[in-house]
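Quick setup: one chain, the form predicted alone, written in structure tokens, and binding and motion questions come after.
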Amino acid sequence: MNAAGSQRLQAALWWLGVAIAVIVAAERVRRLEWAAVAPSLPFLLTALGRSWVLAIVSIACGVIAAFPLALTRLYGPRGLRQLATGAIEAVRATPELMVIFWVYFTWPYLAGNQVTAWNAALGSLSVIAAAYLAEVIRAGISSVPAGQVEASIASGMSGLLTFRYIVLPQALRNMLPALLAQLVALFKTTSLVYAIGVMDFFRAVAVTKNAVFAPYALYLILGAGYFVSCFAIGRIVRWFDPRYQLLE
């Protein structure tokens, strides 16, 4: 048998093995406790929607806070630049769960009033989003060649117009892959707010598992829910910029 025939045989055996594995896995999945889980699906879908709300609001707040943080770290005076750098690095160097705990338990002590678990979750996730997205934005702005900025200013454009029409469009394009990765990571980080009592998707699955002992079916639903949600984030990014490809 020549080399081409051997490669075709190996490919056929590979696909045969994949097909057998898929059939076996599908049969095992079919036998899971779906009848016991079915009544809880509306509850789980509601919790998944709550995770989406957490992610969207915290990402929006994080972007709003990330831009001034990134600009301060790049162009601010020395004192403010060091302060912004310290805040960003402190959050990035701290486990996300610890940030959630700090906001939930420290805010009542500092402000003198109680904070709900939902507001603590939104606040802590927004802080996490701001710190990570600030670095993405800073890297995107820094990736624009300095020669283009100098040429723009030399042609008579002001610094603000240069930033708006020359730097920002290129920076947004350059930061898109890293931005997508951070958005996906932030959505998965919402699963940590179960620790302070928020009924997100992760906690809803855990509560359902305690009520209905069907761990394999529920964990399969949990994984599918996060996979579909993170995949949807990537499709949304592609909708805004069709030229973006995951393999680029």
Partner chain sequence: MLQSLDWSILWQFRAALWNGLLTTLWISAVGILGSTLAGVAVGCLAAVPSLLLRRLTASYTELLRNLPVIVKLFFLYFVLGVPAIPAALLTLILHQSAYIADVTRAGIRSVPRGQVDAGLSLGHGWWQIYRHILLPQVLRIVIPPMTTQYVSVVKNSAVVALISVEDLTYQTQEINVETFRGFEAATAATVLYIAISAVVIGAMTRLYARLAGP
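Positions refer to the first chain, counted from 1. No experiment lies behind these values; they were computed from the predicted model shown. Definition used throughout: the rigid core is the maximal C-alpha set that superposes within 1.5 Å between two forms.
As for the form predicted together with its partner chain, it is not shown, yet the points below apply to it.
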- Message: Contact check in the model of the complex: W15, T106 and L110 versus its partner chain, with a cutoff of 4.5 Å between any heavy atoms. Do all three pass?
- Response: yes
- Can P95 be called a contact residue for its partner chain in the model of the complex at 4.5 Å between heavy atoms? yes
- Query: Does its partner chain come within 4.5 Å of any heavy atom of S191 in the model of the complex?
  - Reply: yes
- Non-hydrogen atom contact W102 with its partner chain in the model of the complex at 4.5 angstroms: yes
- Classify R50 as contacting or not contacting its partner chain in the model of the complex by the rule of any non-hydrogen atom within 4.5 angstroms, answering yes or no. no
- Could you check which residue among P39, P215, G197, P68 gets a heavy atom within 4.5 Å of its partner chain in the model of the complex? P215
- Choose from 55 to 63, 40 to 48, 216 to 224, 22 to 30 the stretch whose residues reach within 4.5 Å of its partner chain in the model of the complex, heavy atoms counted. 216 to 224
- Taking the rigid core as the frame, does V24 move its C-alpha by 2 Å or more between this form and the one not shown? no
- Item | Rigid-core frame, C-alpha of A111, shift of 2 angstroms or more between this form and the one not shown | yes
